[in-house]
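Have a look below at one chain only, the form predicted alone, in structure tokens format.
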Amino acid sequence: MSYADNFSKMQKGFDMGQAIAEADRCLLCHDAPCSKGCPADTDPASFIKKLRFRNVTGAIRTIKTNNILGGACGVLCPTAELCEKECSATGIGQPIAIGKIQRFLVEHAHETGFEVVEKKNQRSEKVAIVGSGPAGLSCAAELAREGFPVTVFEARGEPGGVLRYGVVSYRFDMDFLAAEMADIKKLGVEFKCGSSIDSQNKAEDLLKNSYQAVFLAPGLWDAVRLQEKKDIKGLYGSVAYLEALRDGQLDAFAGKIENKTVAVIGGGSVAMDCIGAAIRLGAKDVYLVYRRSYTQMPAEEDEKIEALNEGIHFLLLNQPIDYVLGDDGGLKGLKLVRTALGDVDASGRRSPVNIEGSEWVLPADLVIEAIGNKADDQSPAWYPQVKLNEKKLIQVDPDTGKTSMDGIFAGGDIVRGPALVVNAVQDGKVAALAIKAYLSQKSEE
């Protein structure tokens, strides 16, 4: 049996009538709070107002001018915690469905062939972008629009970063990504895939090889593990698991998961993708194991409700501490200890405290660790002149994205740690503006 149909397409978004009807509910606020709630300055107040007055092309132009990945953000952003949370209509009813309107407008542009990207006169200064995730794509588009020749170096076989390899296809499919990528390629951005920077001094070498500035946005592709990495049959990190599902290995994974018991460790959106994929691959039982309570989970509310409706077993207030192996060395279970909530910690949530003597074992055939991502242990060697913090994340000036080395800028998860797509987009925009100023100043010297 093939499970590909379970992963084929995203749910259909708004049509024109639904989008206009939703825009008609807008209160047309002065100094609209929804626009202040968008980390990427996409300006929802402006595009919703334009749609309400039937200026569809103007609404599309607002989105794509402010955010080249406006479609992806419309699909993937936790809008309920950002722009929609700030919506004035919340006080009298439901907030405007900003994300769905944004997605519709971008899809409408793609379907009708409406092109909004424009390019200024060509400049001579070349810029290298390392990484083709949201930060890299955003920076590349902004610079290309200003006329700079931009080359994006991507280690993997296809561009898109986390949008391609880190999100399940039923939430964000390849056709949608291809349309977003086409807008960037039309600006003349060159992509060199299969070009990794994982060698000594590679980032600095780009500055010596005809590039006048470099933007580092390689993302975080090394998974945080429960323990030191173990080669255990049936144990996977979320990065490898989700990438495999995007890389044509659905049926191969289904053979490992079908009619089996799967446990996913974590409580964020990545964990939700992992459990949803396991259900779609025919797992008998799927447990979400999380050390805090339901309300402390960072995943969005609609993601949690959807998981419960799909039959996921939420195993809360349980801390994984070890794995139980069979005689063949393969996974047999997950050793847990029950927890209680203590004081608020640095995350702003109540910290889990292990309950002495409460250890127990959850039988499991397969475990996926969705605990988080971190920088590769070897990454400091790739850009040794750039200052890092204790987590091997790059230190930058938050107002410019400038690193400690002249000519090198950085943004996205390699600076922030795991964050939202919309945050990475803004990092790319901020750095592009600073790179333009830097190169303009250099040309005048």
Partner chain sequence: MPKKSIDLSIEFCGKTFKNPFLLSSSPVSNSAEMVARSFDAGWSGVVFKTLNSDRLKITHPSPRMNAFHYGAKRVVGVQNVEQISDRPLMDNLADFLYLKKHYPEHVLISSIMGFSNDEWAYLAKVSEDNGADMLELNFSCPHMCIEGTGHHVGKAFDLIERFTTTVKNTVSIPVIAKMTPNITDMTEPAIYAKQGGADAISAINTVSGISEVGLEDLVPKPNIFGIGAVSGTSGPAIKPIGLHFIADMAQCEDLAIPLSGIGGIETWIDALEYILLGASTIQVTTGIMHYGYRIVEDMIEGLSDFMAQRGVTRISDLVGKALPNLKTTDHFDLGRQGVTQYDLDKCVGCGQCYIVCTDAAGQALEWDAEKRRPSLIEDKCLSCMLCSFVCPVPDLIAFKEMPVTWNRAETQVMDKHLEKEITLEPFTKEGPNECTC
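Note that the coordinates shown come from a computational prediction; the quantities given were computed from them, not determined experimentally. Positions refer to the first chain, counted from 1.
Another form, the form predicted in complex with its partner chain, is not on view; read the next lines as being about it.
Q: Among 52, 36, 392, 416, which has any heavy atom within 4.5 Å of its partner chain in the model of the complex?
A: After the contact test, the surviving option is 52.
Q: Contact check in the model of the complex: 158, 191 and 210 versus its partner chain, with a cutoff of 4.5 Å between any heavy atoms. Do all three pass?
A: The answer is no; none of 158, 191 and 210 reaches its partner chain.
Q: Please determine whether residue 118 contacts its partner chain in the model of the complex, using a 4.5 Å cut-off between heavy atoms.
A: Although its partner chain is absent here, residue 118 would touch it in the model of the complex, with heavy atoms inside 4.5 Å.
Q: Answer with yes or no whether residue 114 is in contact with its partner chain in the model of the complex, where contact means some heavy atom within 4.5 Å.
A: Judged by the heavy-atom cut-off of 4.5 Å, residue 114 is in contact with its partner chain in the model of the complex.
Q: Quick one: does residue 61 come within 4.5 Å of its partner chain in the model of the complex, counting heavy atoms only?
A: Yes, contact at 4.5 Å.
Q: Can any non-hydrogen atom of residue 405 be found within 4.5 angstroms of its partner chain in the model of the complex?
A: Close contact is absent here: in the model of the complex, residue 405 is far from its partner chain, nothing within 4.5 Å, heavy atoms only.
Q: To test your reading of this chain, name the stretch in 22-30, 406-414, 377-385, 393-401 whose heavy atoms come within 4.5 Å of its partner chain in the model of the complex.
A: In the other structure, the partner sits against 22-30.
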